[in-house]
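Coming up is one lone chain in structure tokens, specifically the form predicted on its own.
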Amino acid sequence: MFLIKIGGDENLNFSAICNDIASLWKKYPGQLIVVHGASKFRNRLAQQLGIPIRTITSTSGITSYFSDENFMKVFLMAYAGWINKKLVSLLIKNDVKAVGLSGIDGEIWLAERKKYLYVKEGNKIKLITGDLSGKIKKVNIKLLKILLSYRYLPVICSPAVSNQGEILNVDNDAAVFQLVKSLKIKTLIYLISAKGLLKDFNNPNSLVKEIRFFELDSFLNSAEGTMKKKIIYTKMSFEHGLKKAFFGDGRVNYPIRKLLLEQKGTVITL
């Protein structure tokens, strides 16, 4: 089974990505799940609506956003609304029976809320509360398998839901890991705004074409932003049954075809 993670940058070629997903789906019907982001669209929408976004940094150095109620409203508009339905419509245009879902729907991603967070502010560690984020504890495998068995392609995004019905921001890359582990996915494809994994994240021409999964730690020191999380969770996915991962350029025409058939990107193996 394949899992395709589409990044959240505005410069990704959604039309070309969906064309390639349709080709892959027709070759492997019922053997594919799509997860997508929408971070840059969310940020632009927040700016247009005049809603401030607060960035926080965890004690391990990973940046994220403080998910208060106003943030979550914009989050839902961008992820479960704007981009999810855009991708679904493009897939339907390519004769794929796509179903757009957030992690809330059918409790696809059941999460537990983080009651408090420790964050770094300068040289200080602070405890903050009121954040509507969580960690995924369970994936509704049954619902996903039903959809796949009837040849419906699930197109999934954050947020998730708690047992108490709270809408929670969850990390999409962590969700990808949970899907890999729960559904025993063997092939993971990341479509990002770069040629693949870069040895020097400030040098777009420093592409690493092949790497073993246990070497991924060497990228963490130079990785920036959300790429750190992608690397961490990709390595964890290999530790839970993943056989192959690809990082490729989602801005180009035929992005998946070029990645799988022409190896124009990064391939990570056991």
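Note that residue numbering follows the sequence shown and begins at 1. Because the structure is predicted, anything quoted here is derived from the model rather than measured.
Another form, the form predicted in complex with a further copy of the same chain, is not on view; read the next lines as being about it.
- In terms of contact with a further copy of the same chain in the predicted complex, the residue from Val170, Ile189, Leu198, Val88 that brings a heavy atom within 4.5 Å is Val88.
- Of the residues given (Ile185, Leu76, Ala175, Ala194), Leu76 alone sits with a heavy atom within 4.5 Å of a further copy of the same chain in the predicted complex.
- Highlighted residues Gly7, Trp25 and Asn43: none comes within 4.5 Å of a further copy of the same chain in the predicted complex, counting any heavy atom.
- Interface membership of Lys114, defined by any non-hydrogen atom within 4.5 Å of a further copy of the same chain in the predicted complex, is ruled out.
- In the predicted complex, at least one heavy atom of Tyr150 sits within 4.5 Å of a heavy atom of a further copy of the same chain.
- Not displayed here, a further copy of the same chain is kept clear of Leu127 by more than 4.5 Å at the level of heavy atoms in the predicted complex.
- Not displayed here, a further copy of the same chain is approached by Gln48 to within 4.5 Å at the level of heavy atoms in the predicted complex.
- For the partner-free chain shown, Asn140, Lys142, Leu143 of 111 to 144 come within 4.5 angstroms of a further copy of the same chain in the predicted complex, judged by any non-hydrogen atom.
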